[in-house]
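What follows is one chain in structure tokens, specifically the form predicted on its own.
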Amino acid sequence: MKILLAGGAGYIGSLLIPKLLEHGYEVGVIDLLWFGNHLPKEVKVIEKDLFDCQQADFEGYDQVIFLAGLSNDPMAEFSPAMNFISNGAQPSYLAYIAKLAGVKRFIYGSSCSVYGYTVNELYDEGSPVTCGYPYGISKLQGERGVIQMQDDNFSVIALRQGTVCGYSPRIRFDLIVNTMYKSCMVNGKVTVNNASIWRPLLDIRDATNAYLRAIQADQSISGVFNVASDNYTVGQVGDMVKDQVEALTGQKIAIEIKNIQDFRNYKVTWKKAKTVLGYEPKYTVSDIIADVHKHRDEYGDFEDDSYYNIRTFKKLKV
């Protein structure tokens, strides 16, 4: 099977693609390489704006995975216009030309951010989507655009991911667990902005397994699926990071609790993904920290701008 990853040279793609190669898939990548190229040398990478792609670029591929677009709230709020274009219009356009090219499945990397604010209940894929912020709105637009093109010959799967954290060859330190780990190593403390709010977290290794399950699903399967490793309050995450880093380093870590208001509060169930796709998470926050710490000698300066998507984005002046 041949798989094309749109935006495949980023944080998730850099860990997902080696896994796909291990499973015997042929892989191609189209990416502007904003964050460099950390992929295996045998992977064919075309440096190209995805809006410049035509039907011919997708011909011969069985499936397309969309990992492109702006990846978080700071990027979306810095450039709302580009956010809506990249996360809403772009996946719809690519799904359209993929379908024309004879691709059989389109997998869209969506986000649980679409839920916005929930009140003490687990949200499933049929629950209200109420996010009022640019990032969550745009991810929902992208979902709806690609799902609209699903038919008997064109499967579309949207994975609503929790906040992805953990180690990737293209490491990021702007994700909640990774950020807290970096703060421990640099400042000797964990900062918790709002201890009470809920977040579904997704170990990046569980994320790659979710994509693999979507790739391997029966051709008749389409739809939206929540995927997460577990739901935590931010206060819980802070305590777990503190305890784990202390155990790994033998150093005492302080914890700072603030009370910064945040209107994004949600927790989800992935029962549908388990039942339909066979997705089963394996990892905890402690596992995330252990894996990030294992690669600590690779990082150098934790404040390197390349580890923070918004800093890189601002430098691009796109």
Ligand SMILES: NC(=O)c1ccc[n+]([C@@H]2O[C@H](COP(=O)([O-])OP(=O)(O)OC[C@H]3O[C@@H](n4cnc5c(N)ncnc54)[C@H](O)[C@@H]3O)[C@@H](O)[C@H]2O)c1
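Each residue number is its position in the shown sequence, starting from 1. Everything numeric here is computed off the predicted structure, so don't read it as measured data.
As for the form predicted together with this ligand, it is not shown, yet the points below apply to it.
- The stretch among 212 to 220, 172 to 180, 148 to 156, 244 to 252 whose residues place heavy atoms within 4.5 Å of this ligand in the model of the complex is 172 to 180.
- Thr163 is the sole member of Asn194, Thr163, Thr191, Gln141 with a non-hydrogen atom within 4.5 Å of this ligand in the model of the complex.
- Distance criterion of 4.5 Å from any heavy atom to this ligand in the model of the complex singles out Leu50 from the list Ala290, Leu50, Val43, Val276.
- Residue contact with this ligand in the model of the complex: Tyr135 places a heavy atom within 4.5 Å of it.
- Among residues of the shown chain, Leu70 is one whose heavy atoms approach this ligand to within 4.5 Å in the model of the complex.
- Taking the partner from elsewhere, Phe58 is found to have every heavy atom lying beyond 4.5 Å of this ligand in the model of the complex.
- Interface residue remark: Ala9 is counted as part of the site for this ligand in the model of the complex, having a heavy atom within 4.5 Å.
- Interface residues of 105 to 123, taken as those with a heavy atom within 4.5 Å of this ligand in the model of the complex (partner not displayed): Gly109, Ser110, Ser111, in sequence order.
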